[in-house]
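Below sits a lone chain in structure tokens, taken as the form predicted on its own.
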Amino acid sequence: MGKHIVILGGGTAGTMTANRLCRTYDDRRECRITVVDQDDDHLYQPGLLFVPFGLAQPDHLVRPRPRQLDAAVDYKQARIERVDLDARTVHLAGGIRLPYDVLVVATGARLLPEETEGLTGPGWGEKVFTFYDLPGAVGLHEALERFEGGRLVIDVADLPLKCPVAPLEFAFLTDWYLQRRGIRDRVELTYATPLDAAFTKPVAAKALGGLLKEKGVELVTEFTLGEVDGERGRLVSYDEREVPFDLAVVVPLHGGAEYVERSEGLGDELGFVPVDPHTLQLPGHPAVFAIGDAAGLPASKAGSVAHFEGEVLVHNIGRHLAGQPLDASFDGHANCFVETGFHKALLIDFNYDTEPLPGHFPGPLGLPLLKESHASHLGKLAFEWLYWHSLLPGRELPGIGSAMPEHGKNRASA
């Protein structure tokens, strides 16, 4: 009987990992791969940004999970109850037990709107929305179509969050959308963030903050959301500052999967798995790894990060099974297209040690970094095809490896 690799989660990270492992272990007698998820819907999450503006159709963003997986993968649709790390067993609903030789936690991050006072109270789904799930994005599309003017606020409740640039993109696209409708002059647009700037890194924060200012978006910093007063139209921070609104778009608190909290020794206080930032292995439990949004790392929770992690993860699973030392080579590489409206976008590329810098990616003749261009907008649009047909199937992108390329970056800007 071969080794059994169990992957919890059939989203972006779990699917890519399973398909990459199938390419590595093509003999099922050598290795069996099982993927577990609680539902059958694989959602293209980057598309949620476009739904509120009528730029993406909701039914085009969802496909069946099993069809994205290699035929050799054993897919189980079931609720995960807990993981017993000592017994190396996953407990599923209905009393089903899955023993494993290697466990990969890839169940992503879940939204916790109920953790913020008042967020799901009066006004929720009427004048308070999120675009971070499909029902919210659809409801927000209808609300934006009805919106005729007033105070529109985009608020990030707290960190960490999936795709940290998406709320900024929403602000930029809102400016474009309101101009297209001819009502931009009737709207006060505000972006509130718990950060002390528009973004976490200084050079990118200056560039993105400059874009907000250029587009007439007020930036409110160090605003950690404590309460939503839907009846009176107020967002209230923990230090009791208030931001009034007529329409609020809130990115809720995030946490790990519920079963992680029920599994002793698996997660941190937020429900994320605190793996080694370079090997992706859980300290003290060498058979356990985590990838994507489920991993408690100082890296962005973004699809590109999961892709770059995947190369290192699959390599390290092989080394672990062979009894060899792990490769501590993941550098936190993240790469994101930031849609800025008017058929333009800018690209950022960074890792644990290097902030987003100007230059070009993946080399001196590539796409411009930290600079708006139509080419980057086309890259953002092309990503959906790449996602379904290249990234999810576990194929490598020519010329783009897991490590952040140094060539082409202008370090004098740092």
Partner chain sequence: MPTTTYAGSAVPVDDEGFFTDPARWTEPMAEQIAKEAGIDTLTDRHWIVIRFMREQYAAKGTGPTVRVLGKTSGVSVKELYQLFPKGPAKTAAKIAGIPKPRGCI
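Every value quoted in this text rests on a predicted model; they were computed, and no experiment measured them. Numbering follows the first chain given and starts at 1.
Below, we refer to the form predicted in complex with the partner chain, which is not included among the displayed structures.
Checking 148, 115, 218, 246 for any heavy atom within 4.5 Å of the partner chain in the predicted complex turns up a single hit: 115.
The contact residue chosen from 120, 263, 304, 224 relative to the partner chain in the predicted complex is 224, the criterion being a non-hydrogen atom within 4.5 angstroms. Although the partner is absent from this view, residue 209 stays clear of the partner chain in the predicted complex, with no non-hydrogen atom inside 4.5 angstroms. The partner chain is not shown here, but in the predicted complex it comes within 4.5 Å of a heavy atom of residue 199. Residue 270 belongs to the set of residues with a heavy atom inside 4.5 Å of the partner chain in the predicted complex.
Although the partner is absent here, residue 86 sits far enough away that none of its heavy atoms falls within 4.5 Å of the partner chain in the predicted complex. Stretch-level contact check against the partner chain in the predicted complex with heavy atoms at 4.5 Å: of 138 to 146, 99 to 107, 310 to 318, 292 to 300, the positive one is 292 to 300. Applying a 4.5 Å heavy atom cutoff to the partner chain in the predicted complex picks out 239, 253, 254, 255 from 239 to 262, in order along the sequence.
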